[in-house]
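Next come structure tokens for two forms of one protein chain, structure 1 first, structure 2 second.
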Structure 1
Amino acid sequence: MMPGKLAKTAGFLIYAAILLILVPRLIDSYERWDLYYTLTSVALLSIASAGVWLTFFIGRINIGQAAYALIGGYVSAVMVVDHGISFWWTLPAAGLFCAVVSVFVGLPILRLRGVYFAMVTLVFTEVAKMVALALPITHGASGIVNIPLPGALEIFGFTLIPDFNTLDNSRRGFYFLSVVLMLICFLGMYRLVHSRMGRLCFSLQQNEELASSIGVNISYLRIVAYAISSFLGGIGGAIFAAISQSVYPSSFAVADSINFMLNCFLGGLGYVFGPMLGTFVLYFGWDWLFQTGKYQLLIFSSILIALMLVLPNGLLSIRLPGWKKNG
């Protein structure tokens, strides 16, 4: 293994150990169990933001990820509440349903570029909200409530994940679930970006006409990337619905779609792990500025603009020696 790859692997393992071992011990020691929910939210938001980053990677600006998070939340809630299906089956089902929807939506609009694609995706969240209000299966404005906590996940009689109802603190269970999925998500994204398919996707970002002229199936790559992006949004939404034990048409708004995009900008569009860092900074930065009262939004916006001017490639452009772009 190359020294650079070895260093990145070691760094990832250390980061995983901190999240899965050190952080829970610190939270339990200080009895700050509210932090489980906070950090779970950050992990799920970073998963959805990773999907947005992938559409940036193929040269498209996606401002509609909250729509797929909302769809994923409803798919999981309907399957659990109305049909009694285990949450663990609804989780991949929510992601796959969102991926299928994105294929039908993406086929006509992925041909658009720049601001045109961005403006079309901007309305997706409101469209999803209107559909949720209109359909009987989504229970209209009252939403779906009293969603039961996930039961045990068993395979061949072996319990992989315990029943969340039996846990002393279900938020701790959701924390581990979300963090593990986040680590798997970004590890998979890193592998995808550095694969042959990833290099072809990057060629779309540079010049689609040139990529097409050398035989790259640009339509296929755009659809696959957008489907993966929507899949991640649906997964995040499904877990959010399970945590809050409810989902409403207003559970995800246009502001969430914009924040998903900002997470990518803030962390760094040229780096796979940019959305993870961007989500962390944006989430806690907004909360930290809460004490400024009515000036919160003004200060927050000014800081974001300044960061984008000073660090156009995101916070990860301030990197340690040996780090590489898209790393």
Structure 2
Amino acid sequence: MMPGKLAKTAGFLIYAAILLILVPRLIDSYERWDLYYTLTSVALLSIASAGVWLTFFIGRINIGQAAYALIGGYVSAVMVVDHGISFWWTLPAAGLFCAVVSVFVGLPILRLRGVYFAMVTLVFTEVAKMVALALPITHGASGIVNIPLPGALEIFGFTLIPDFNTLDNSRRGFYFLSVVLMLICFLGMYRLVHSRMGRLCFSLQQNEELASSIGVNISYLRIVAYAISSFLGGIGGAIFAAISQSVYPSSFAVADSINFMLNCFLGGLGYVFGPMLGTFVLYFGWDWLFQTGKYQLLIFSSILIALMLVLPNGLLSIRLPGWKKNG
């Protein structure tokens, strides 16, 4: 039933090679530079969606990821603009800040389940936006603009990543950055889900009381999973702020939170790589339908409804009929 470990590694390497070598070649030869931006967005959104997927994995519906993306974007932007810190330091800082925030937010709200958790996280998205509007450090409604492009990253005098200003096409730089991060993220996610901790998390999804009764530390696991999820949201948001060189309170709103969730649903909740596929299909589908003008939303939503009717368990469930490993 399961392909061998070697085959999986090979598959992943081929996939990475396609993304990192073939796709840039194709884009360069067809001169479709706009695709860099689109694919970068897909990569970043799928990182954030992977976080949402992880909370689904422990049995929670998370509609609050946009809040962490927003926080991550602001942390990075404030550090870069107001304190002149290199972007490469602010990136992990943004993620860690979000993880710390999520521990404090998560401690009380992770006790909630089902729709209650979903609703509180939805409300949290709104709270984050309003706090961004009210705090002086975020510059209110005008947001933070003119964020400089990331500079060079040097370790012991060795230039690891060149200054984005010196690149002839900074979009290309962001593409590589996002795709590499996405690959690392999903690799890590795959490892996590298939580790001992992943098994324990899966037990939470099925029955928390039972898991608790046989000695699983459920509150610890919930917090850790939620913190990882928020970390990913913060990373995604921070890079987004760097690409668009601006961040506003409305950069990430409720609609984004819902989209992150939809990406997971569409790809399939039972599959680690579901969020990646879901994000890709949703984002490209929406972009591609742009040519239909005012019927864009109508066609888009009709296709979504039709997909739900045909494949209620996500796109990835089509390839593996009868494979019910993760529920």
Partner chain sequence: MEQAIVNGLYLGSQYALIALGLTLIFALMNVLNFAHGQLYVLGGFITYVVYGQLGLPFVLALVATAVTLALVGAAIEKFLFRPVIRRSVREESTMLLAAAIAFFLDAVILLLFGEKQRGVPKIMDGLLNWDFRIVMPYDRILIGVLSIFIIVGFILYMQYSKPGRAMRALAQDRVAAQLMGVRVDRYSMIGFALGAMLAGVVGGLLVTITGVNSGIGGPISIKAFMMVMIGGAGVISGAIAGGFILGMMESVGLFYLSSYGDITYLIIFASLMVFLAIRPQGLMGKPWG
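The term rigid core refers to the maximal set of C-alpha atoms that superpose within 1.5 Å between the two forms. FYI, numbering is relative to structure 1, first residue = 1. As the structure is a computational prediction, the values presented were derived from the model and not from experiment.
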query: Identity of the form predicted on its own among structures 1 and 2; finding: 1
query: Rigid core fit between the two structures: Cα deviation of L298 in angstrom; finding: 3.0
